[in-house]
Structure formats: C-alpha cells, structure tokens
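Okay, so we've got a single protein chain in two different forms coming up as structure tokens, structure 1 first and structure 2 after it.
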Structure 1
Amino acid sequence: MKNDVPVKFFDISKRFGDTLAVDSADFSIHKGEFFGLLGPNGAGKTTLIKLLIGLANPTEGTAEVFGYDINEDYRQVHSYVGFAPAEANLDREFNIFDNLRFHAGYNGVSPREQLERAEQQLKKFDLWEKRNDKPYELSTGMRKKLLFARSMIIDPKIVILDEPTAGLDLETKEAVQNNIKKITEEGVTILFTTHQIDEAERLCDRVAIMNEGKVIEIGPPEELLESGQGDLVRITLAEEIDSLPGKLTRDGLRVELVSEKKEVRATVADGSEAAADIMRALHGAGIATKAVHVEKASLEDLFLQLTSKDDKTVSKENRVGGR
C-alpha cells in the first residue's frame, strides 16, 4: 500500500449526457471506518461507488484506494476491495460453494485457498448447510448473506455494501444487519450506501449526505446534529396557507410548509430563538397559529431539511469530522 487512506475522492464527477450523476465529490474515508453514503434514490450514491470499483469512468477528477489511482492502478485497487451489490449477480448454474470458489479464483486466489476460503465464509455466514444449493433456491436474506460472503472471500481491506437491506422485511433486515456486523469484526473499512436514515444513524461512524449528485454534508451523525441544525421547530397553523411570508424565506432561516400546508417546520441551531422569529413573522403577516413545539432534531429531520433546500452544496470547510 502506498498510504493508509482507504479511499480518497478528488473532485470526482460523472456525467451521463445532460445529467450530472456525481458532482465534484471530494472527501476521504478513514481506515477501519464504517462510512455511509446517505441519500434518496437517484442521489448519486451507487454511481459514486461504481466509479471507485471501475464499473464507470469519471468524467472529471479521480479517486485513490490506499494511494493507488482507480484508473492507472485498477488491478491493485481491485485487489483491496470486496463488493456486495444491491441486486444479486450470482451464477445460477453453479451451487453457492462453487460461486464463492470461482469468484476467489477470478481474483487470483490459489486453488487450495479457494476451497478453504469458500468453506470459511459459508460457515461464518451460516450458509454451510446450503452449500450445494443453487442461488435461486435461497431466500432473499440468504442471497444477501451469500453476497456478503463473496465480498469477503478475497480478504479485502475495504468492503462496499450497496443498499444491503433495501426491500427486505423487518425480520430479514435485522438478520442482514447482524451479518454486516460480522464484516465489521474483521476490521475492514466499510463503505455503505443507503436511503434508510435509521440504518445510517445506527451503524455508521460518519455519513455523507448526498442529493442530486452533490455531497451536501459529511460527519458523524451525532455531530451533524450538533453542528448547527440540532433543534426542530414545528408550528401548527389555524388554517391552511398557500405560501410562507417572504420574511421567512430569507437566507439563513430554512423554513418549509408541510402537512397539507398547515404546519411550518424548521431545523435550526437554536429552537427557542427561531420559534420566536417565525411566530413574529407569521403573526405580522396575519397568519394565526394554534401551537408551537421545539424538540431535538433527528438525523431524518436534518436529512429532509438538507435535501429540500435550494442550495445543496456544502463547502469543504463546513464539513464535520474532516475531509
């Protein structure tokens, strides 16, 4: 390894025609970190990881894995990275033992080690009894576990998990999350994409919130909430209104109209002060209110507020927890 930085993006962008799928992503992932890419569908999360593992070529910029450039040192990069895609891409013609064995062989593992590693991973993910089954004979949760096992068979330094619990029922989701914890026990760095905010808040050391291709905030979930958007203000209106008073749409106070236009909501640093400002603006515009509530914001509140604002770019200097 040239250095001990698992992943570093250098103003990397990807354009598909007129669509800018990834827009100048520039940040690093720390060694041993559980790092989440959080954003709605279409935010650019999957495209960003495809750039990292060579399934897409950047339009501008680049990235490095342990100091190796993703374009110039592709084979070296690939040797460090295990990948579990969102959709199973397993070979239907082979049983699950051979799926793992052949994948190890494709990645340069010796024949003897292929057998040992396939057995080891199937046992670790509780699939050994199913080793002679074909992938299509497994449940959805088992196929997810098989993808995790395959991602680990090359003894990677980084594992990328793309939407690992998307579309799963609660019981299967919990089982899959328990298997993700088995990966973390190996001491590898994890890059995890999700649009499920509760997962990011519970599992990740740091998250990068993405929207429309842009990275708009980075940091530990708890520090993001303490960095200036820690309170949620909710003001219930006496009746529906068509739009907010102009005074509330000024720069620096992010306010939105929700709940069928009968509630004003803002995620702010100081809830008490902001609530007073908003109430004055509403009453000054002749808008009657019924109740006001100030509470601690959740990551979901921050996420919704960030991904709905007009200016979705965050400067590198304003990110929490480093580049």
Structure 2
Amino acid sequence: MKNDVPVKFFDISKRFGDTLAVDSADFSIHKGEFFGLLGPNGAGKTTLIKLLIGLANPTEGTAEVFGYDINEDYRQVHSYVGFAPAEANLDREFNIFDNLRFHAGYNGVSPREQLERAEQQLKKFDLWEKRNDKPYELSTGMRKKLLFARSMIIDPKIVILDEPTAGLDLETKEAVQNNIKKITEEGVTILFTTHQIDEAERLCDRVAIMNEGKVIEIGPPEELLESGQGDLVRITLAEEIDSLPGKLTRDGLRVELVSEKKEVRATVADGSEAAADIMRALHGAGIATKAVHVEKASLEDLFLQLTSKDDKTVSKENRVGGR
C-alpha cells in the first residue's frame, strides 16, 4: 500500500453519448469506514463503482486505491477490492462451488486454499447444500448472498456492494446487514449503494448523495441532517391543489407537494418558524389547511428534497425506497 486512503476519486467523469453518468466526482473514503452511496435510479452510482474496478474507462479524471492509480496500477487495485454487483454475473457453465473457487483462483488464492475458502463461505451463508447447483437454480436472495460471499472470498481490504439488500426478505436482509457490519469491525472499508435510506442512515458512517451524475451532499448522516435542515414540516391540506403558491416556490425554501397533492412538505432548519411562514403563505393564497406536523427530518426527507426535480412535486411512484 502506498498510503492509507482506501478510495480517492480525482475529478472523475464518465460520459455515455449525451449522458454524463458521473460528473467530476471528487471525494475520498476513509479507512475502515462504512460508506453509503445514495441516489435515485440512474444517478450514476453503479457507473462510479465500475470506474473504480476496471469495468469502465473514465472519460476524464482518475481515482486511487491505497495510492495506486486505477489505470496504471490496476493489478494492485484489483487485489484489494472485492465487489458484489447488483445483478448476478455468476458463471452459468459451472456450479456455485466452482464459481467461488475459480473466483478465488482468479485472484491468486492457492489451489488448496481455494477449496477451503469456497467451503467456508458457502457454509457461512447457508448455501452449502446448494453447492452443486448452477447459479440460475438459486433464488434471487440466494444469488445475492452468493455474490456477497464471492466478494469476500479474496480477503479484500475494500468491499464494494451494489444494492446488497435489494430483494431480500427481512430475515436475510438483517443477516446480510449484520455480516457487513462484522466486516467493518475487522477494519475492512465498505462502500455500498442502496435505495433504502433508513438502512443507510442506520449503518453508514458517511453517505454521499448522488443525482444526475453529481455528488450533491457528502457527510455523516447526522451531520447532513443538522447542516441547516433538520426538521420536517408537514402540512395537510383541506383539499388537493394543483401547484404551490408562487410565494412558496420563490422563497428559497425547499417545499414540495406530495401525497396526491394534499400535503405540503419542507425540510428546514427551524421547523416551527418555517411552519408559520408556510401556513401564512398558504392562507394568503386562499388554501385551507387541516393539520400541521413538525418532526425531526430523516435522511430520506433530506434525500427527497435534494434529488427532487425542478417542479418540486414528487409523486409517490417516484419516491425512492420508502419505509
């Protein structure tokens, strides 16, 4: 290792035709950190990961893993990183035991150890009975576990998990989360992506929120919430309205209309003050209200605020994750 920084992006960008999938990402992940990458579909999370592990060529910029350049020193970089993709890319010509031992072998594990480690991982993830099955004979959840097991078999210093808990039942999800947590206790750095914001809030030391290729916020979940916008104001309207009064959208407040357009929400620093302001604006525009709530904002509220489109209207379908 050249230095102690597991991942450092240097203004890295990736363009696909007209789409800037990753737009000058420039941040580091610290040693032993549990780092979450959040963002709506198409934000560029997977692309950013692919740039790091040799599956995508950057259009501009570069990145380093423990001081090694992802292009020039790709062999060192790859030896440190275990990766579990969001979609199964398992070898369909071989059973899952062979999948694991070959993977260990590609990464320089000795032949004898390959067998031992494959067995150990399959047992750890309750897949030992399935060892002779082909990957496509497993259920979605089992495949997720297998991908995770495969990423761990090379004893990585950094583990990258793309949506490791998507599609898992509650019990499996908790088991996987606990496994991930255990890994961090061994000093391994974790980079993971998720659409479940409560998960990120609970597990991550720091998160980065991506939208349209850009990293728009980065920091510990608590700090992001405190950084000015810690309260959530919810005002239930007497009836649906089509759009927010002009005054509200002008004021620089981040206000949006949700729940079939019968609720106004804002994530703000001071809830009671903002609530009064918004009420005044609504009443001024002749809109009747039914109830007012001020509560502590969650990361999800902040996330929705940050990634919502210009019209400030977020329909239920477009909301990411949910609880």
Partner chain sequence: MFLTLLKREVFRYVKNPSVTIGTPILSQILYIIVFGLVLGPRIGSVANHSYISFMLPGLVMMALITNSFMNPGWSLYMARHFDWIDPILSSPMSSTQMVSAYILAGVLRGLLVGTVLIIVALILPGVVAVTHLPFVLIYLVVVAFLGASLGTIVGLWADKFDHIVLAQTFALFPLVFLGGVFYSLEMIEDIYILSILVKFNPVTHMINGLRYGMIGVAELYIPFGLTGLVLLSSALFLVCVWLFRRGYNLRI
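Heads up, when I say rigid core I mean the largest set of C-alphas that superpose within 1.5 Å between the two forms. Quick note, the numbers are simply positions in structure 1, starting from 1. Only a predicted model underlies this, so the values are computations on that prediction, with no experimental measurement involved.
Matching each structure to its source, the form predicted together with its partner chain turns out to be structure 2.
Once the cores line up, the CA of residue 96 ends up 2 angstroms or more apart between the two structures. With the core held fixed, residue 205 shows a CA shift below 2 Å between the two structures. Residue 243: CA moves less than 2 Å between the two structures after rigid-core fitting. Core superposition places the C-alpha of residue 115 4.4 Å apart between the two structures.
After superposing on the rigid core, the C-alpha of residue 146 is displaced by 3.4 Å between the two structures.
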